[in-house]
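One chain follows as structure tokens, the form predicted alone.
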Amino acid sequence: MKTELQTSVGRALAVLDSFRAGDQSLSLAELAERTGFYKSTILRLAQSLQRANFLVRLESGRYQLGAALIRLGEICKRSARIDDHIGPVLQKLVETTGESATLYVRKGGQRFCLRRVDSQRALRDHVREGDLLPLTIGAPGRVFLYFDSDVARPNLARGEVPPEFRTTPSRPLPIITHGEYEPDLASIACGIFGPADELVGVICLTGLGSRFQRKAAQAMGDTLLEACQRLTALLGGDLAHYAPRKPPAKRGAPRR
């Protein structure tokens, strides 16, 4: 009985998951094609989903997602806060990379250090929770500059990151800078995105510049990228900003 129930629940979830961005409604044939289920199976599942208001059957016979999903989505957005997950993530980043890990959020025209876990290394930066720093300087500042839709960036499309600031040429995130905030320091930063495609925060790894050479920076960037993707998924954000892209044409000498 338990296995049968689990199978039914899994199939019902598969029906709901077959809806994609831009779908207003789906026909029975489209649902069958996307799930691989028999139409008779979908009809049976649809009746249960309709009773719970997860699915609506239109007069045309097509199916539409129901209001129960909107209600759950709103509950999820209100309950999923970055604060609930960030502590262990920062701690793990420090243990893995050996560098200090910081979560910044934007406060007006500055970035605010919301959470911080220090490296155990003797040579490191000394940012503290509660510090306010210049918004668009350093790797975390550049994430705000390139990805925060409320930050002015003349002649730049959102997500257009010059190749000299990428840890991996094909990906716009993470971003790396050397000596922009302090001459001897380097930083690697990556954004976290929320359900309305807003940039909700930036995680940054910071340390002595000599420890952020290309191979080490790529490895740290990959570790940071994975952590930010997990947090974005937990918050219901879109992972599209992390997708590989063709590097833009190089414009002038790199600023490091």
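Sequential numbering from 1, following the sequence displayed. Just so it is clear, the structure is predicted and the values come from calculations on it, not from any experiment. If you superpose the two forms and keep the largest set of C-alpha atoms that fall within 1.5 Å, you have the rigid core.
What comes next is about the form predicted in complex with the DNA, which is not displayed.
- For the chain shown alone, Q213 is not a contact residue for the DNA in the predicted complex, no non-hydrogen atom being within 4.5 angstroms.
- Residue contact with the DNA in the predicted complex: R44 places a heavy atom within 4.5 Å of it.
- In the predicted complex, none of the heavy atoms of Q50 sits within 4.5 Å of a heavy atom of the DNA.
- In the predicted complex, the DNA sits within 4.5 Å of a heavy atom of S27.
- The stretch from 64 to 72, 188 to 196, 224 to 232, 27 to 35 that comes within 4.5 Å of the DNA in the predicted complex, counting heavy atoms only, is 27 to 35.
- The putative spot formed by K92, S119 and R121 is not touched by the DNA in the predicted complex; no residue has a non-hydrogen atom within 4.5 angstroms of it.
- Of the residues in 114 to 142, none comes within 4.5 Å of the DNA in the predicted complex through any heavy atom.
- After superposition on the rigid core, displacement of the C-alpha of L234 between the shown form and the other one stays below 2 Å.
- With a cut-off of 2 Å and the rigid core superposed, Q218 has a Cα displacement that falls short of the cut-off between the shown form and the other one.
- The two forms, fitted on the rigid core, differ between the shown form and the other one by 2 Å or more at the CA of A29.
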